[in-house]
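Quick heads-up: it's one chain on its own, the form predicted alone, in structure tokens.
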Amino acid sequence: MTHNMKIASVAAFLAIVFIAVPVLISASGRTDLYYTLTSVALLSIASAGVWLTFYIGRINIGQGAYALMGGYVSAILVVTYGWSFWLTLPAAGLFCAAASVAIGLPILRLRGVYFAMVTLVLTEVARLLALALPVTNGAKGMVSIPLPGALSVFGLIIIPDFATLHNSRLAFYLLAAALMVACFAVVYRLVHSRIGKLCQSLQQNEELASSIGVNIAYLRVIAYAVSSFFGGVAGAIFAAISQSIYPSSFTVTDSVNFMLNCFLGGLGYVFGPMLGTLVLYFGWDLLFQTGQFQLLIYSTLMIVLMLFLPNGLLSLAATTRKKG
């Protein structure tokens, strides 16, 4: 794809997300779709973090832990300490990044299924901590979290108070979509940078990368920290949308789904998590009509896709271009 084609594709995508979708939803009157698409955008952000750990050759099934941490950090800072939501957003991400560094230093030495099993346990540990710690209010969770207030710089209001808006769902959608675009822009730039090339070498052969002077421990921790930052930010916005957070808000099932989003979209493509999340989210809802057979059909379709499209849905486009 040429440089001009890439620019045109990005422009078309932005036009669809920020212009076409709100116009079509407004015309149809289906404002409930704002919440659905907001969820897709936020799940895409968390899944992008999981994709980053795949990029360094690690199977991450613990992103739900950081999403839960981010949600609680934001809620506690807003409700207990009176912070502005806009300050808690980066604070939640940074807290999760710091926690991931402390956790990642020992566990990132593990590989394959061993690393996967440890990360799988993290989500359950986070849930149990949320149940046990007094600051999280235990099983009762944290409720009545206020909507994001106004964001102003030098007295100029950049983002209005969500509570004063006629349609806060649209505001949350635009916020989630903007952060999703920013997130994938960061991931794309990271992957195509010098650090990205070094991270790719870890996926292929860590021993060889280490033998030529690559600081593999540093790269693993950096990738894992960025991954957890994305999970924390997504969790913080989820808490703001629902105005509540509970120990069960993010479970092991969510962590597995974040991983499946990456597989479905394609591990070899930066935008794979975005497409995978969109298809998986709407696909699951569509299968709801099948009743008790929903999980059976869903599982069968996933197995078939893995067998016939091991490189994900985006590999179809790559195959078509090659044939063309």
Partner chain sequence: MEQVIANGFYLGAQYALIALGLTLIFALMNVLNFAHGQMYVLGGFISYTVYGQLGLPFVLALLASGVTLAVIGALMEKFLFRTVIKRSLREESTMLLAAATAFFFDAVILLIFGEKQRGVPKIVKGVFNDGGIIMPYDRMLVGVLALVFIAAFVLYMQYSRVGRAMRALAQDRVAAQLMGVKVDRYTMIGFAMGAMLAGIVGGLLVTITGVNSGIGGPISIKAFMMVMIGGAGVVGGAIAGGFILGMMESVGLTVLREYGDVTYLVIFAALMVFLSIRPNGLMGKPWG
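Everything numeric here is computed off the predicted structure, so don't read it as measured data. Positions refer to the first chain, counted from 1.
The protein also exists as the form predicted in complex with its partner chain; that form is not presented, and the subsequent description refers to it.
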Of the residues 147, 129, 171, 101, which one places a heavy atom within 4.5 Å of its partner chain in the predicted bound form?
-> 129
Select from the listed residues 260, 33, 279, 287 the one whose heavy atoms reach within 4.5 Å of its partner chain in the predicted bound form.
-> 260
According to a 4.5 angstroms non-hydrogen atom cut-off, is residue 59 in contact with its partner chain in the predicted bound form?
-> yes
In the predicted bound form, does residue 267 have a heavy atom within 4.5 Å of its partner chain?
-> yes
Would you please decide whether residue 140 lies within 4.5 angstroms of its partner chain in the predicted bound form, comparing each non-hydrogen atom pair?
-> no
Check whether residue 26 has any heavy atom within 4.5 Å of a heavy atom of its partner chain in the predicted bound form, and answer yes or no.
-> no
Answer range among 86-94, 118-126, 176-184, 69-77 for contact with its partner chain, defined in the predicted bound form as heavy atoms within 4.5 Å = 118-126
Just give me the residues of 207-241, first to last, that have a heavy atom within 4.5 Å of its partner chain in the predicted bound form.
-> 207
